[in-house]
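Taking the form predicted alone, here's one chain by itself in structure tokens.
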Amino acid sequence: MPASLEIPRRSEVISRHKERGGRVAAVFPIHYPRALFRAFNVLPVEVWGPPKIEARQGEKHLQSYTCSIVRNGLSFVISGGLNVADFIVVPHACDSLQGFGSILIDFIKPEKPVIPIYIPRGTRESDIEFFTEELKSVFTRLAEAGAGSPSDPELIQAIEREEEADKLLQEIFQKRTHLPFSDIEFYRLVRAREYLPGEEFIELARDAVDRAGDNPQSGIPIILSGIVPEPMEILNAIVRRGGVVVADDFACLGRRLYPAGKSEEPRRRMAESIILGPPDSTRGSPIGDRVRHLRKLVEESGARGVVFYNIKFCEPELFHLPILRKGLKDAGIPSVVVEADIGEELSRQVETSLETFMEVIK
């Protein structure tokens, strides 16, 4: 990144927060209420299967076909990598993560509280009501753990701060091709949302938005879809083949461009924001909604194709892929599927598939 746009490391942010008397929650993927934790002075720091971790310890407790986010994450817990955290939060994003939460609660039993979050698979009124009650339960768990008991006005203040950060994140995505950053620099910027306090991300985002120029970046425009852009070498591989990423459908990013909630009741407002977010396989969104969403991204961004960059054994994504690709094909939109494991180097097979695809769509 340019020198004036410095992004602090996770370890620096965690240390600074704890020095000020705050607590830290290690949060596994994918959807959770940032504002709720911040209202308790708990900093949520996301854990996406740390890439540089020996996964053998976790593999002792898991099936061989479990995705690397869970395998690496469990190994990280067992090896003491999360000792700095005061809470471990495990949203129910898929069966593997639900099993991971059960292993922690029933077998590994870390000394710090494990807080599961159950997210409904729909956008009905009943789903919002269910999730509202779930967030009330999380509130109670945090209060019982001695994190305090923020008032509703304090919750609203935290919510408004995170909504401002989310709004700026959306603006960054809208202006991404006009920003003076490479693809990998761009993703380092937006993924800072995974651990930076909302108020710090707001400052960083405003600085980035102010740098937008008049002329868009050149290259073969493509969309990336998947769970998380790891290993991030995929971004350099795209550039080497003349491509540029113009839109995003990653679960860790594009599918978390949340709208602001409308309710005056803070827990429901947080529930509305997440439940009414972009369609996502891990929330059980209808595949038709995801097809329409991807088609819209292609239309608005001018992308020539979609690259599905999947983590091996990710069942929610694999179940959607055949119909997603057919829906795109019916609209004349080419796509390709490549797979990788977090922590592994980008394979020659992925490089070859990507090279062939870029040749077809250029």
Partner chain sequence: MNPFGSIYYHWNVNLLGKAFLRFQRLRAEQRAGRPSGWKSEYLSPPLGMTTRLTELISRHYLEGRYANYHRKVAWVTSGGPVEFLKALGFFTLYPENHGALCGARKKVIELSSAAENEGYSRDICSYARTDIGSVLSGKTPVGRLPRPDLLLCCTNICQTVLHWYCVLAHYFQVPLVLIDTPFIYGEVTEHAVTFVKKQFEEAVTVAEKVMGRSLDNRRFRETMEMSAEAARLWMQVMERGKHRPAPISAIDEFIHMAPIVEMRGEAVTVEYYRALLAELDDRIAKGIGAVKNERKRLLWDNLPIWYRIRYLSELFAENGITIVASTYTNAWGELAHLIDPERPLESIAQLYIHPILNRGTGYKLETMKRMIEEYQVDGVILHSNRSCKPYSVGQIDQRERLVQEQGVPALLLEADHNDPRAFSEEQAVNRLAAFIEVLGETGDN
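Residue numbers count along the first chain shown, from 1. Given the structure is predicted, the values throughout are model-derived calculations rather than measurements.
Absent from the display: the form predicted together with the partner chain. The rest refers to it.
request  = Work out which of the listed stretches, 45 to 53, 310 to 318, 293 to 301, 29 to 37, brings a heavy atom within 4.5 angstroms of the partner chain in the predicted bound form.
outcome  = Selected stretch: 310 to 318.
May I ask whether Lys60, Tyr65 and Ser285 each come within 4.5 Å of the partner chain in the predicted bound form, counting any non-hydrogen atom? All three within 4.5 Å in the predicted bound form.
- What is the one choice in Ser151, Ser102, Asn83, Thr140 with a heavy atom within 4.5 Å of the partner chain in the predicted bound form? The residue from Ser151, Ser102, Asn83, Thr140 that makes the contact is Ser102.
- Query: Asp127, Glu163, Glu171, Glu185: which sits within 4.5 Å of the partner chain in the predicted bound form by any heavy atom?
  - Reply: So the residue touching the partner chain in the predicted bound form, by this definition, is Asp127.
- Item | Proximity of Asp106 to the partner chain in the predicted bound form, heavy atoms at 4.5 Å | Asp106: yes, in contact with the partner chain in the predicted bound form.
| query | According to a 4.5 angstroms non-hydrogen atom cut-off, is Ser75 in contact with the partner chain in the predicted bound form? | reply | Contact with the partner chain, no.
- [ ] Would you please decide whether Gly277 lies within 4.5 angstroms of the partner chain in the predicted bound form, comparing each non-hydrogen atom pair?
- [x] Result no; Gly277 lies far from the partner chain in the predicted bound form.
Original post:
Hey, in the predicted bound form, is Glu134 touching the partner chain, heavy atoms inside 4.5 Å?
Top reply: Heavy-atom contact with the partner chain at 4.5 Å: present for Glu134.
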